[in-house]
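We begin with a single chain expressed as structure tokens, specifically the form predicted alone.
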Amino acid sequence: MTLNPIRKVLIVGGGTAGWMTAAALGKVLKSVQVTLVESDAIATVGVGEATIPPITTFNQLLGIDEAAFMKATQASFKLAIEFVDWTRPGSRYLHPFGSFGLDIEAIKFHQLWLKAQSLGSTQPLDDFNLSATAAKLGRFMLPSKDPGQVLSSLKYAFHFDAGLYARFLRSFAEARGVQRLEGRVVDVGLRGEDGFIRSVTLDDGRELEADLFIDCSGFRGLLIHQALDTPYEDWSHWLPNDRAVAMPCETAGDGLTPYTRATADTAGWRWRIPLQHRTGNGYVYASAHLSDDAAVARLRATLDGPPRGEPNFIRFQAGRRREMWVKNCVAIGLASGFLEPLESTSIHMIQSGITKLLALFPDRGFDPVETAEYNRLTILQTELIRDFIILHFKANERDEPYWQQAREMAIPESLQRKIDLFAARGRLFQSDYDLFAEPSWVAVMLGQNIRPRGYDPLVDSLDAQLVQDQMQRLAALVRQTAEALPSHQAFIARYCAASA
């Protein structure tokens, strides 16, 4: 039993990061007073969000009813990200969730596929992934709980309205005792003896004290940056995009696809995120290569339907805080750093920060060993995600100056080693803290046209005909399973249709 427990937690900032944090702490910390302060006058960045499968774990932690959450946030399902024009104009590939095929005698399935390709097979690797096949067919159903069924291999995430998600989580958190205060932070008081945060002062003069402060104030970093002066590590030499413009539009025809689309463009890339009530769109670009006016014009010209709002501009700098936990302050969300949303990692990084905070939850002594471990794990995971995102830009064959610069840039040694190893024989070795598992790296390496020169020689120890027969049976089962699923639109209508 701790003799010096945390009694008060103050979250500064709402939005997705603030209310995810408040919901989780309100659910788990039964004897701690959790307060969130935000100002309705300060806009949040949320423009419509795509997620990755671990979000389902967060929902389970909170005990959230999935259908209710999806109705409240106008959500749709996500099985993959489709990359259009990334290798070169006209190219197209999927980064699907879930695994490819089944390993045989500890030999990775993609190695079996590489050998088949060397012998003349033209069958896509996607044929062995249920999420990919269902995405292409526009089908969806919840996965089976029976591991013997092919349907159990389906992995999914969500597209949802970030503003509605924050509102949903606010109701959840307040029902569990979290207190919301309206106000704008105008001053942060530090303790003279150790530089810890003592309190924050609001624009109406109220002074709020706490034991633990969580900075969810977005790019401003009111606590971690402005009060505690934590340095920022700039990664713009690897990830030069520093602008985004977002604009929702009407969903046209059968546009409710069960996947996100990322389309490479002249000086960046455009996203398309289909929700029940609208489609989210945006252009992420480098201001050194494209003006704001040109970005808006390009985005307008590529919308599926009539726009449903004016352009919303966002400025950012790719990178991270040198430390995310400093003294008695933990930065979560954009206050801790920013990696552009190419692989839908923003919400996961919030979730990961919350999970690690709960696993290393302090007392008022704030043991520096625990703080250091939080920072070590967060930095490691952030750098692994950084490498995965850089891969998409580095491995390209496009002609524009923006893309030529990306192709020619020096990349982190950690990523270069991974590319070189895969290019030799398709081998990959994962860190335990790599968010993206081996199938994700395989999908993007191959999708970006990094083709191994050979394959694992252990494949030749297997009976070639037996392997070929097993592969064909598996592809047929995957296709048969996917074709038997209802359409994505029909499943949503039955399971979680939102009110008009």
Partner chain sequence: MTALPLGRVAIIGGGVEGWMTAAGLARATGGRASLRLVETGPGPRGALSTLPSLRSFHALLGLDEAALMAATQATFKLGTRFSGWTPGTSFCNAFGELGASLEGVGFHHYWTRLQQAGGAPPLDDFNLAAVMARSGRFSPPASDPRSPLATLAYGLHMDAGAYVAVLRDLATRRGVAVSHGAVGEVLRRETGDIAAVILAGGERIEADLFVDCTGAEARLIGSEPFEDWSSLLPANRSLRLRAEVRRDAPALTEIEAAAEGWRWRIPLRDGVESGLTYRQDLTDDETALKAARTGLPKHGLSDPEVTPLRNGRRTRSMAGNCVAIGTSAGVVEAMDAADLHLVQSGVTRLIALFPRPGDAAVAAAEYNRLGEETLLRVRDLAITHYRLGQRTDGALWALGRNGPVPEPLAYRLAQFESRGRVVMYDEETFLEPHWIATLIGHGLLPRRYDPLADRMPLEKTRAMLERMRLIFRQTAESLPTHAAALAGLAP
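Just so you know, these numbers come straight off a predicted model, no measurement behind them. Residue numbers count along the first chain shown, from 1.
What follows is about the form predicted in complex with its partner chain, which we do not show.
Of the candidate stretches 412-420, 158-166, 219-227, 188-196, only 412-420 has residues with heavy atoms within 4.5 Å of its partner chain in the predicted bound form.
Although its partner chain is omitted here, in the predicted bound form none of Gly90, Gly183 and Glu400 has a heavy atom within 4.5 Å of it.
For the residues Ala72, Leu114, Cys249, Leu377, the 4.5 Å heavy atom test against its partner chain in the predicted bound form is passed only by Leu377. This chain lacks the partner; the member of Ser431, Asn449, Gln472, Asn59 within 4.5 angstroms of its partner chain in the predicted bound form by a non-hydrogen atom is Ser431. At the 4.5 Å threshold, heavy atoms of Arg300 stay clear of its partner chain in the predicted bound form, well away from it. Among heavy atoms of Asp304, none comes within 4.5 Å of its partner chain in the predicted bound form. Looking at Leu119, you'd find every heavy atom of it more than 4.5 angstroms from its partner chain in the predicted bound form.
Its partner chain is not shown here, but in the predicted bound form it comes within 4.5 Å of a heavy atom of Arg425. Residues of 365-389 that come within 4.5 Å of its partner chain in the predicted bound form, judged by any heavy atom, are Asp367, Val369, Glu370, Ala372, Glu373, Arg376, Leu377 in sequence order.
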